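Take a look at this one chain, the form predicted on its own, written out in structure tokens.
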Amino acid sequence: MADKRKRRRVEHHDSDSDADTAHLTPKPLPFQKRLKSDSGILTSLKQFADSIRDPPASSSTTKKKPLTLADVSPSLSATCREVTDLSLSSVQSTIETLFLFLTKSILSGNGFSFTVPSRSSSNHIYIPELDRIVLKDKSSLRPFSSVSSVRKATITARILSLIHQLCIKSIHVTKRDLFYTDVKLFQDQTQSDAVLDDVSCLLGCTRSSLNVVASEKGIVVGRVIFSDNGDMIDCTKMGVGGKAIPPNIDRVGDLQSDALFILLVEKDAAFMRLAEDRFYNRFPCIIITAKGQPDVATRLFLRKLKSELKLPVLALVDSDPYGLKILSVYGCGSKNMSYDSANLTTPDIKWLGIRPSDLDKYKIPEQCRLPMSEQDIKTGKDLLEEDFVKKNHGWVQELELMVKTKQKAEIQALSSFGFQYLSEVYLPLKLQQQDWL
């Protein structure tokens, strides 16, 4: 009898243990069961990366020299202009020639004026063959003798003088440094910044040729090693914060990588999540963010990575019109700097997520979806009228869905399923399905 009671106690204890174990077993995350093994995903990713690096013989992209503006100019309805990289000595010589011409004009009693290429919103054109926005060849006069333009002409002359000093001294300064050389004249940094872009157009050189850079903004982490002004940087050892992208792209060299793709992330919150989870070790990649609106240094760095390493670029942005605008700036260029789009754009960026169709596909809760404002809807409709959007049928469908549902969502909406859902399920499943546009 005692043995029976003892047996019953043991059986009861075992059933309790089983219940506790079942309670402790984590519940699978949504769609987690659809994931294949990492090795299977990596195999398909490697095949995709190889197809980008070494296109098959039948591919239309095989070993073709990239088209330039000069190649397509004869077929264009408008004359366009582009700038090129110039050496410091060339920039200095161009400025001196310009000032000599202005001096002769003043001595002859005609005063002086600058003929500045117009960067107005109507003076741009999207060229499908190049897949980027280009500045049309329309200029405006900026005479010193006119009340309406005397101040801007003075700022232009001052900026040219400062650039000439940089050329002589062969040093770099930030845009903020430039502003503080004459605060009373410039009044606001946006004014000196705008004229700096005008000067680039005027001299026919890239902004980086002027030796004026923006403060460090973008960051990179993952499977890439490069030299920064002679120092070797291993981006797998940069912690959660990543390595600041050098503002002067000329400092970057000796790129080495075993990555399969570049992951371009809109926000630093998502970047931090992926960096902390060491996503780049599970799926070899290079992760980049400009923390919102792309700056020149990040755009130059991304283009350098893509062109030298021959890797596909996948973009992770918010599901809203501004996320798509940010993606398009990287891919097709911005109207503000269309004069330098040849150097700043990265062709063939894939839209990985978060896309409007993902909201229902991944069953993102209603409380995590945000209503679009009237301005959001207007921006979305305006984007649908852009030629660079019309060219991609998938983009058009996604934007139309966004405007129709009037819903948007941030990348962080995925955290409703768990803080690591982005790195553990969403991105691996996207990569497995090669679900990008």
Partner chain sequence: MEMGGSSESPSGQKKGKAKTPNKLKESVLKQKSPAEFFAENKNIAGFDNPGKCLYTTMRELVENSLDSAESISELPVVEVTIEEIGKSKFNSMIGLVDRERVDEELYDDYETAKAREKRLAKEARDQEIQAKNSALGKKIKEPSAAKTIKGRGGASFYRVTCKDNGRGMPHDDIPNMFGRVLSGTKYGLKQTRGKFGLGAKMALIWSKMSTGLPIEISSAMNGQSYLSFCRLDIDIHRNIPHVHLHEKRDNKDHWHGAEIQVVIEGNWTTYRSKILHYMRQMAVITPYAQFLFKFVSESSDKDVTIRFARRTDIMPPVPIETKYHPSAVDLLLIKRLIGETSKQNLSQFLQHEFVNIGKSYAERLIGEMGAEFSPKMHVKSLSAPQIVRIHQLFRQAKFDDPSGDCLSPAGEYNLRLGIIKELHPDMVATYSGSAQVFEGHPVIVEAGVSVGGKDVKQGLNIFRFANRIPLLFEQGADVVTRTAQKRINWGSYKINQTQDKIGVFVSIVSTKIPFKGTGKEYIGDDISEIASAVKSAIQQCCVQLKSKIVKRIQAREQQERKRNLSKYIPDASNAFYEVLREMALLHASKKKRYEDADAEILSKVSTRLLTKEVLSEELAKHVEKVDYQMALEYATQTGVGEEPKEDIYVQSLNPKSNFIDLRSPLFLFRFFQ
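Keep in mind that this is a model prediction, so the values were computed, not measured. Numbering follows the first chain given and starts at 1.
We do not show the form predicted in complex with the partner chain, though everything after this point is about it.
Judged against the partner chain in the predicted bound form with a 4.5 angstroms heavy atom cut-off, the residues P365, Y421 and V425 are out of contact without exception.
Contact annotation for T154: at least one heavy atom lies within 4.5 Å of the partner chain in the predicted bound form.
Contact annotation: K350 falls outside 4.5 Å of the partner chain in the predicted bound form, judged by heavy atom distances. Mapping the unseen interface onto this chain, D182 counts among the residues with a heavy atom inside 4.5 Å of the partner chain in the predicted bound form.
Contact annotation for E96: at least one heavy atom lies within 4.5 Å of the partner chain in the predicted bound form. Note on the interface: of 302 to 310, 207 to 215, 118 to 126, 86 to 94, the segment with non-hydrogen atoms within 4.5 angstroms of the partner chain in the predicted bound form is 86 to 94. The contact with the partner chain in the predicted bound form, taken as any heavy atom within 4.5 Å, belongs to V147 out of L141, I171, V147, M232. The contact with the partner chain in the predicted bound form, taken as any heavy atom within 4.5 Å, belongs to T103 out of T79, N281, T103, S75. Residues K104, I106, L107, G109, N110, G111, F112 are the members of 104 to 118 with a non-hydrogen atom no more than 4.5 angstroms from the partner chain in the predicted bound form.
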